[in-house]
Ligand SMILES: NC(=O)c1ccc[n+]([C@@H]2O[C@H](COP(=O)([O-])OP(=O)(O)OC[C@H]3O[C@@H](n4cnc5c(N)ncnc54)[C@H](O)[C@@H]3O)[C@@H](O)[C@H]2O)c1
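Read the single chain below, which is given as structure tokens and is the form predicted alone.
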């Protein structure tokens, strides 16, 4: 069964998807859509003459093409809701890039409509498919009952995007939605309980302060601590700094149970397992997934994401990363940003009502 793809939005992430898809058998990219001419040129170059693609400025023209089975939506965050409204008029399968939406009402709308959609709807939270994360998940039973999860990302500032749309909260949903939905998704995946309270501190202290776009200074935060309390007593923390280039590891994940601890790093090939009873430390080699044919920006995770998506489509399975998971990931980011603004903890029951 061959699947024909259309890609909407061919900036950095859209072209990343193209490079992954062209390494997968029985896949053809037949069309791309982007209003920016330079982005369309990037897409054509990414295809490297492997695919004969039709180019569209208007994504609506792409969506009505009958020979397209699967749509990848990698347009700017603030456009997701409008593109999805049009997508839901079709029966096509879709991979919608993270974050699912930039605000709660739009996220709830996508969730509601996805339940009635004939095609599969998958949210692009590919971090869960990284080999170190998968290895950590596979060893959870060795540390007893989970009590704490800490995720640290120390990295470079936001990259330049077409039109500099990612410099403003109104376009991105805010840093803790745009970037950190990945980490909140991992928390929701790993911690076996329901989040109930979020409290955060953060600000824009270093990055983009001397930039101006149409007379406006960017307002996206560049550092934050976020703490999440769970219903069964577990806690999770995000330590984010976006002016911390050149570290050995961009991300560090530490999961602590009542019997031991797991630590891993991205990029990295080790999982550290400690045992409280005998004070032991074991180093476990994290093996790369042999299926990966394109490493890309996300250490092979985007390639595995596409393989899993294709498997779900061909075998008529439910998506591994559905709209509920996409919504849950942005809820924590939105609540954390409200906590920063108000200086108070946010109780999710009240926040969602």
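Numbering follows the first chain given and starts at 1. Only a predicted model underlies this, so the values are computations on that prediction, with no experimental measurement involved.
There is another form of this protein, the form predicted in complex with the ligand, and it is not shown here; the text below is about that form.
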**Asked** Is the gap between residue 39 and the ligand in the predicted complex 4.5 Å or less for some heavy atom pair?
**Response** yes
**Message:** I'd like to know whether residue 346 contacts the ligand in the predicted complex, with contact meaning heavy atoms within 4.5 angstroms.
**Reply:** no
**Message:** Since only the chain is shown here, I'm wondering whether residue 185 would be in contact with the ligand in the predicted complex (any heavy atom pair within 4.5 Å).
**Reply:** no
**Message:** So in the predicted complex, is the ligand close enough to residue 174 to count as touching (4.5 Å, heavy atoms)?
**Reply:** no
**Message:** Heavy atoms within 4.5 Å of the ligand in the predicted complex: which stretch in 177-185, 227-235, 111-119, 206-214 meets that?
**Reply:** 177-185
**Request:** Report the residue, out of 76, 260, 195, 268, that has at least one non-hydrogen atom within 4.5 angstroms of the ligand in the predicted complex.
**Result:** 76
**Request:** May I ask whether 129, 189 and 250 each come within 4.5 Å of the ligand in the predicted complex, counting any non-hydrogen atom?
**Result:** no
**Request:** For the heavy atom contacts within 4.5 Å of the ligand in the predicted complex, list the residues of 23-59 involved, in sequence order.
**Result:** 33, 34, 35, 36, 39, 59
